[in-house]
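Consider the single chain below, provided in structure tokens and representing the form predicted on its own.
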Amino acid sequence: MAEQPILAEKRDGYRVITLNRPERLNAFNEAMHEALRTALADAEADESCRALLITGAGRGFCAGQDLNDRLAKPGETIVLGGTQEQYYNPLVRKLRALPFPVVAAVNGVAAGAGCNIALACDIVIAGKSASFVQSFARIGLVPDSGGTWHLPRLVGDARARGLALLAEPLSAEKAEAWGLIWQCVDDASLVAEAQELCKHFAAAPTQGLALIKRALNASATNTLDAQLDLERDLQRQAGATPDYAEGVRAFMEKRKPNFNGRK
């Protein structure tokens, strides 16, 4: 029996999704896309899930698209774009829109779409042996899965162009220094550090964090005036949540708050 391409595990207040095609460096095929879509939908539907951890099995995070699925026969032309429309684009949109924080724990290489799926998560933490590669130019393609959107905003235009056009690996330590990721840690502590982040989010005011995600997502294209109006509107929503009231009470009573999260 073939192994499941995605492993989903429910923890106390969060879920762990593991990309599970280690023999292919967790490269995406259709079965993996479908399984990941289901796992994300299940996590979103579960009100007890207040954070999500995504990582890869084996020695890599994700090598991007499995090119074995795209081998052309002699004389055949492969028309690309459909996979982006059907799978990658909805995946990036879903990760950005989930109503709780998404943590990517990058072990080993994150290449091509695998790199950009990691960058679509809210917090990226990587082991020191990890690397990030915009490998598309090596085979004559364009960075997809949000790569051309995220890169300039994270590292600036000059570095984004270098990463995209040269397709050279970027070490985890340099990725942290450049602001591409949140944190680089020792390989041995990667899983523990990522789990601690998820435990923190699982005890946090989840509805407020979801509104923060909405505000940050909108800021990339909003004018200052539009963003100020959005902040006002989202603050009204945040102020009406039970978690805000609990946070204020806990502050006044000098105790640790007990947030309900998504309820």
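Keep in mind that what you see is a predicted model, and the values were worked out from it rather than measured. Residues carry their position along the shown sequence, with the first being 1.
Just so you know, the form predicted in complex with a small molecule exists too; it's not on screen, but the next bit is about it.
The listed set Thr148, Gln183, Gln84, Ser129 contains one residue whose heavy atoms approach the small molecule in the predicted complex to within 4.5 Å, identified as Gln84. With the partner omitted here, the residue from Val124, Ala113, Leu163, Ala172 that has a non-hydrogen atom within 4.5 angstroms of the small molecule in the predicted complex is Ala113. The chain is drawn here without the small molecule; in the predicted complex, the stretch among 136 to 144, 99 to 107, 185 to 193, 154 to 162 whose residues come within 4.5 Å of it by any heavy atom is 136 to 144. A residue is said to contact a partner when one of its heavy atoms sits within 4.5 Å of a partner heavy atom; Val16 fails this definition for the small molecule in the predicted complex, lying far away. In the predicted complex, at least one heavy atom of Arg24 sits within 4.5 Å of a heavy atom of the small molecule. Put simply, Arg236 is far from the small molecule in the predicted complex: not one heavy atom of it is within 4.5 Å. Residue contact with the small molecule in the predicted complex: Ala220 places no heavy atom within 4.5 Å of it.
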